[in-house]
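Take a look at this single chain in structure tokens; it is the form predicted on its own.
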């Protein structure tokens, strides 16, 4: 039986996340998209993406968050970004591959809104071991420095795992030295390659909370994290497309839902009329953390992790200490193995 909770209601989503490609020169151990060096056959072309994004802008989307794979590995991506930037706020998440001084010059000229660079360690040995590519650490550091040098707002992102937890404060200091404005500390999601090594890299909830409590950022560095009492249910405002143009609502739902393809169905039709999409966005959940709902104005926490560990869309989010119900987050449910 679900409780009578409700998330904020939007007739039109304000922003969208676009996985522009699933090609990437890295082989990250926890890659959610299970990327390879070559693009996958169903990926939309740059001309197709231009049409899709123009329609989204016409429909009232005001922000687009590009991710991958590696966006800069998609031929023509910078041209697409230049076409989109006058109509939508643009953000780009990257591993830093290909983001050198010349590309940073282009990003500054385009007036990209923000660049977000993944850090997987505080030195070459730790970062490159997870990225699966020699030189990946240097590329990530260069990307942050070159963006910061040009006044492009830049954040560093780090996924909280057994590998990164002992290095969090060192990563914060590194990001600050490189010129990042903020560091976002992200959950590990049971998707793609992460599932294959889950027991090796996933932390139980107590260890995650201890790592968050131990954060000691340098003065002037912002830190973003979404553990209790700031667990977010983002589904009420989340919109996302994968590299093939499939409507998936959120990148962290990529293995669990498909509301149709953007070449065959308008996003607003899926948003307003798809029963499952409406259900996930509703906030009608079995339990909601009162502290988190007070700070986030939404209910139930993340639907991706709730569904992953419980198999029910209305289930409690096990990453919240008040809703965990004894779930060991370091062990995957059998159905996900």
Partner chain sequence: MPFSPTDCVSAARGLRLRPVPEMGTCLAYDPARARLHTLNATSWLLLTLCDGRPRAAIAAEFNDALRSLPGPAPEQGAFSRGLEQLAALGLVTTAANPHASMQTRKDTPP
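Please read these numbers as outputs of a predicted model, since none were measured by experiment. Residue numbers count along the first chain shown, from 1.
What comes next is about the form predicted together with the partner chain, which does not appear here.
Chemist: Among 47, 60, 311, 290, which has any heavy atom within 4.5 Å of the partner chain in the predicted complex?
Modeler: The residue in contact is 60.
Chemist: Please identify the residue among 135, 217, 153, 229 with any heavy atom within 4.5 Å of the partner chain in the predicted complex.
Modeler: Answer to the contact question: 153.
Chemist: Do residue 111 and the partner chain share at least one heavy atom pair within 4.5 Å in the predicted complex?
Modeler: Answer yes; at least one heavy atom of residue 111 falls within 4.5 Å of the partner chain in the predicted complex.
Chemist: Contact with the partner chain in the predicted complex for residue 13, defined as at least one heavy atom pair within 4.5 Å: yes or no?
Modeler: Residue 13: yes, in contact with the partner chain in the predicted complex.
Chemist: I'd like to check something about residue 8: if you look in the predicted complex, is any of its heavy atoms closer than or equal to 4.5 Å to a heavy atom of the partner chain?
Modeler: Taking the distances in the predicted complex, the answer for residue 8 is yes, it comes within 4.5 Å of the partner chain.
Chemist: Is residue 88 close enough to the partner chain in the predicted complex to count, meaning some heavy atom within 4.5 Å?
Modeler: Yes.
Chemist: Given the stretches 62-70, 28-36, 303-311, 280-288, which is the single one in contact with the partner chain in the predicted complex, using a heavy atom cutoff of 4.5 Å?
Modeler: Correct option: 62-70.
Chemist: What are the residues of 293-309, in order along the chain, with a heavy atom within 4.5 Å of the partner chain in the predicted complex?
Modeler: Residue within 4.5 Å: 297 only.
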